[in-house]
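Presented as structure tokens, the chain that follows is alone, the form predicted on its own.
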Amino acid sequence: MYDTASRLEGQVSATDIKIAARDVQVFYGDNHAIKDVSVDIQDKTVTAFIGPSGCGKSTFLRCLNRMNDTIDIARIEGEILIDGEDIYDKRVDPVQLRAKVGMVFQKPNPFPKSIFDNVAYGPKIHGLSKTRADLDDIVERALRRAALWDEVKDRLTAPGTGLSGGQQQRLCIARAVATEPEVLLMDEPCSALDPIATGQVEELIDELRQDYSVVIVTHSMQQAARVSQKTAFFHLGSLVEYDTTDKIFTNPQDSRTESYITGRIG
């Protein structure tokens, strides 16, 4: 089994670790989808999960904000800590957890509401604003963080679904950051976008790591190389290798990683 803790010993201080996963297993009924995954994810860093389709990278990502709870046949074992707190503890409210751990999905999925209401939805249900002025400030701040404010500030009452694909995805990012999360999960956020919109979202991801721990699942090795500082390679439900992105792409330690990077598997 890959031993992340020993690999990173002496390189990363405990205070830099935002998410610590130990011996995580995921079962869908009888299917053992994730096997013995242990990994430390740093704060203020973009971490990319790469690997062939069906290798478990999105399944593991969904463990980090308990999205797998919504699947009846899913069972999760092991331990996942965020800031030292076990997120699967019975006392942890998954709704509150998902305010702290935001998520952006593969396809842009704005609500059928106005641009303003898309961003305001989370802060409203989590009680983050006391007045309309508070809410206005939160919405503007989130849209600025998502590099969308200047494009939509004069049409906040227009439907979010009327935006272009790239704008819709940035709106979904604004919606995710509006609740002031500490971790931002992105599941192939650019796969439905054209190259220009992809470039805009990638620039945004680089900016967001100043404030968040960002974890991105991507099928594009080039994207992982461009946006991430750390990369984890998954294969057949196991974490094969985890290191700095530069090392994974130029000097991988495992032959399976090298085979994937060079296109021999995948």
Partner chain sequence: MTDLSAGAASGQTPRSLTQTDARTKKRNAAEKRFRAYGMAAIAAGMFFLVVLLGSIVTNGVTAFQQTFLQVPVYLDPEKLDKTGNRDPEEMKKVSTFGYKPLVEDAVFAAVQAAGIETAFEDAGDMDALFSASAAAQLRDRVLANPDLVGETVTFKILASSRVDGYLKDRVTRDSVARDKNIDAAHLDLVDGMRDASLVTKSFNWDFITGSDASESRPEQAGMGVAMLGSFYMMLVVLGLALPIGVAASIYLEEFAPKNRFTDLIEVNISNLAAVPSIVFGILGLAVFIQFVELPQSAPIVGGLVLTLMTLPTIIIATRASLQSVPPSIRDAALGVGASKMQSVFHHVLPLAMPGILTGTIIGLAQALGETAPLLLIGMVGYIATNYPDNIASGFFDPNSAMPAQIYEWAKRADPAYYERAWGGIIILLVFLFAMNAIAIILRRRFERRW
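All figures in this text were calculated on a predicted structure; none of them were measured in a lab. Residue numbers count along the first chain shown, from 1.
Just so it is clear, the following notes concern the form predicted in complex with the partner chain, a form of the same protein that is not shown.
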query: Answer range among 141-149, 103-111, 81-89, 188-196 for contact with the partner chain, defined in the predicted complex as heavy atoms within 4.5 Å; finding: 103-111
query: One residue of A99, L163, A74, L156 in contact with the partner chain, assessed in the predicted complex (non-hydrogen atom, 4.5 angstroms); finding: A99
query: The partner chain contact in the predicted complex: S53, any heavy atom under 4.5 Å; finding: no
query: Distance check, Q167 to the partner chain in the predicted complex, heavy atom within 4.5 Å; finding: no
query: 4.5 angstroms heavy atom contact with the partner chain in the predicted complex for M67; finding: yes
query: Partner proximity in the predicted complex: R226 to the partner chain, non-hydrogen atom cutoff 4.5 Å; finding: no
query: Sequence-ordered residues of 155-186 touching the partner chain in the predicted complex, heavy atom within 4.5 Å; finding: T161, R175, T179
